[in-house]
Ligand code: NAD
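In the block that follows, a single chain appears as structure tokens, in the form predicted on its own.
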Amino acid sequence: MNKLSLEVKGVVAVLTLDNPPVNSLGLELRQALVEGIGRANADPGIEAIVLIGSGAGLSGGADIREFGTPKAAAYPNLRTVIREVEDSAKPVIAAIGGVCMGGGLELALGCHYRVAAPGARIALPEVKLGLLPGAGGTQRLPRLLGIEAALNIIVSGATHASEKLRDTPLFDSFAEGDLLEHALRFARQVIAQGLGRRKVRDLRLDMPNAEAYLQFVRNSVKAVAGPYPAPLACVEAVAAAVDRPFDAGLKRERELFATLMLSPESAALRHVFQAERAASHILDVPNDTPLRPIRKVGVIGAGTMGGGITMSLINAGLPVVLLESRQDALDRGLANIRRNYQGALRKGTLNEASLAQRLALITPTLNYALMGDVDLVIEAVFESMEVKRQVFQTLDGVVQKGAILASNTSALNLDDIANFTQRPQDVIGLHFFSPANVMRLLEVVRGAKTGTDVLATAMRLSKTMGKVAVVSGVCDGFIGNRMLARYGAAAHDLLLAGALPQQVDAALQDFGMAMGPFRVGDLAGLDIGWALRKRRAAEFPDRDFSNVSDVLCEAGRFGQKTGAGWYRYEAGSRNPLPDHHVSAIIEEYRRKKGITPRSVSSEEIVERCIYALINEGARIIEDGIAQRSSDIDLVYLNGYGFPAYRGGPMFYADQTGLHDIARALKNIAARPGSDSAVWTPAPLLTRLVQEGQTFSAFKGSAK
């Protein structure tokens, strides 16, 4: 495939980058660019060169798939391409429209002139991958925009509209019409006026008290960067632009880039980036699967979850029929939706007119008949199979043929729910996470009879809503809550062994979890788990599902909503305070179980809880519930507070070493009192250890 075309327009050569979808600067395109610049310079009839991108824009940057492969270092690398552009004997004009990010922006900075179109998206987002711009971005951008503005762009990695940078030296001209025609006119102007080549590298970088300012920035960035080394490295690279000649600054930038590339934090963030793209690929669903139209959506239930789902839909511009069983509940739900928008109104990210437009998309009702013409209905009612049976049987008789029926269940058997209808092929699980209008994760649960077009449509809808969608098979708890149950059980075992809730939470928060399991329990409500354990006890009467939190619930301690759970809470505060009553309850529970407490270290807490997650994740892959290990990582990163700089539990396992994890699990399983059935390494984990494989590299079923 030809990645670049050269077309002569009078005395101007137009080089068009053509590497869909975002003209990423992979090896083939880099080779074509160098060849194209050479051909244009060799043609005596050409006096200037325009670089422009096809499709999505100039370029989205480097091809991340090449990182860590021979292609990344193969000739010509991006720095070489930019040097060829910069050293071109004929002026090179970058025509910037659409996407111009990362290496794409660095390429534009290496050109002699830049013209931009309205709506272009400008960014150096490398910091989000644990890296810094490694092809001169930290050296050239400060020379155009100044240190402060350049640092804001580089350290944040944020995307900026070209209009916001219109009057800066970044752009030499701004297109009002067709971008290519404007770039050609500008090129002819450069030729006619004899402006020649203007190299950004030759610009002086002068800022009074630069060192004092940079030290201030170092202190500020260090305070917020946490475990991520890239933001501070970005500052150091820009500092090199201040106190070193250009080529020496480039060398320092490259040294810092190479160090970051080898860091575990960058490896984790790059893994997450690729995982998000892989998750949308469903192994047995062709890319050209026809999609069902989604023009109007019904939501059953106006509570916290139903309200959040409604907000996600209207934010995406979709009309919603919102149904409740009682007028007071419906009124309360609508009031809560409006209240949830108040923060955006205060910040100025939403105005009253826009809010009114969104709220006008909601049709509130108490009548199922208004669901007749929706294309999708999402049930968000109480987590009871009997309640869901009533809802789905009613919907089956009301909703038009071909509409998708979705359940927001977090654990119940989706196949049973589908069988409440005469159209199980139209039923799917859409498990949103609370608050649904904020949380990015969406577990898309595929039933045994769910149609491939229904699944493909659900994945497209998730993208429309800005969600990270992960496909899950049907099992108790799906991916996330099934793993959470093992994680919680491991934490509970530690209480019995001798730890206290605050000790377990502190150790796991030090590991990087957003919140420890007992704080999470108090936030979610301990009565939810209590109800689940009672349901499971009824289903499996020969198994013991009892838990210390049962005693807490029996005492009315449901967590933050009652002011007491694993912790106590002062009125109006969410700050967890250790409670001696809880310590006494735990001690009494141990006594009844005949357990003598011992000292438990932070290292043991992390090992048991995180390795329990990993082992259950291996079983989930083996059972075919998740397609790939990176899908599990996305679930835990986006729904359960796993630290992004560790890449998710399965990636963390690969980095730690599967052999070491399997050995630790065997040791735990062999300890007196351990449940060897749950602690014994999963068969897939054992197999990968024997074959010297990793979760990331594993393909296919273990069965």
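Just so it is clear, the structure is predicted and the values come from calculations on it, not from any experiment. Each residue number is its position in the shown sequence, starting from 1.
Although it is not shown, the form predicted in complex with the named molecule is what the next lines describe.
For the three residues A499, R519 and S602, a heavy atom within 4.5 Å of the named molecule turns up in the predicted bound form in no case.
Checked against the named molecule in the predicted bound form, the residues A329, A149, A225, I294 give one hit for a heavy atom within 4.5 Å, which is A329. Only one of L461, L376, I300, L414 lies close to the named molecule in the predicted bound form, with a heavy atom inside 4.5 Å, and it is I300. Proximity of G306 to the named molecule in the predicted bound form falls within the 4.5 Å heavy atom cutoff. Mapping the unseen interface onto this chain, T409 counts among the residues with a heavy atom inside 4.5 Å of the named molecule in the predicted bound form. Residue contact with the named molecule in the predicted bound form: A626 places no heavy atom within 4.5 Å of it. Proximity of S573 to the named molecule in the predicted bound form: non-hydrogen atoms within 4.5 Å are absent; the residue sits far from the partner.
Comment: 427-435 is the region of 427-435, 137-145, 356-364, 74-82 lying near the named molecule in the predicted bound form, near meaning a non-hydrogen atom within 4.5 Å. Interface residues of 220-248, taken as those with a heavy atom within 4.5 Å of the named molecule in the predicted bound form (partner not displayed), are absent.
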